[in-house]
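As a starting point, one isolated chain is supplied in structure tokens, in the form predicted on its own.
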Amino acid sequence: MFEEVSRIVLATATAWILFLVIDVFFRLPQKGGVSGAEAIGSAIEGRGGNLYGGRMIGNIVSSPDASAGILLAACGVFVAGIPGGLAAAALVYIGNRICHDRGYAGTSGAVVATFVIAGFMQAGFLASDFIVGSVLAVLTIQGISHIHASRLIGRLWRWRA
């Protein structure tokens, strides 16, 4: 039981770091890239949050970004190994096209996560650990406090910009 919880905690931390690094690398906090992201960012800023972090949260809500890519890659690896993760990346790319999003963050997140998860599986992790971990990582950004999460993302964005 303790070993399983430890794996999930490490998978959550890995997914959290992966999706923030990839989204910030692809400049999602810079502007609202898809419909609705700017409005969500402005609403979060109006409540005391950070505009840049709010835009990234808006992008997460409005289009498959790295967090969705990592979650879908974990599901794909769970079902069919590395080919399943790459198939999930293709689906994320199609989803981005539907949302009129360039889709580099989501697709890249899925591809990177496929190989990261496959690497962790060599060390005894299960793909299901990353499914749970990805959900928990998204929950900590989206579900606990938009204001505090946006401030954290805004701080990360300042380091990037």
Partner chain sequence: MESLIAAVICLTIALSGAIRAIIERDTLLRLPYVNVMNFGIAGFIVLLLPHPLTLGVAAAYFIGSTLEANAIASAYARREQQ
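Positions refer to the first chain, counted from 1. Values in this document were obtained by computation on a predicted structure and should not be read as measured data.
Beyond what is shown, the protein has a form predicted together with its partner chain; the following relates to that form.
Contact with its partner chain in the predicted bound form, defined as a heavy atom within 4.5 Å, holds for exactly one of 114, 63, 107, 50, namely 63. At a distance of at most 4.5 angstroms from its partner chain in the predicted bound form, all three residues 8, 44 and 143 contribute at least one non-hydrogen atom. For residue 138, a non-hydrogen atom is located within 4.5 Å of its partner chain in the predicted bound form, even though that partner is not displayed. Using a 4.5 angstroms threshold between heavy atoms, residue 98 counts as touching its partner chain in the predicted bound form. With a 4.5 Å cutoff on heavy atoms, residue 30 does not count as touching its partner chain in the predicted bound form; it lies far away. For the chain shown alone, residue 118 is not a contact residue for its partner chain in the predicted bound form, no non-hydrogen atom being within 4.5 angstroms. Along 60 to 77, residues 60, 61, 62, 63, 64, 67, 68, 71, 72, 75, 76 each place a heavy atom within 4.5 Å of its partner chain in the predicted bound form.
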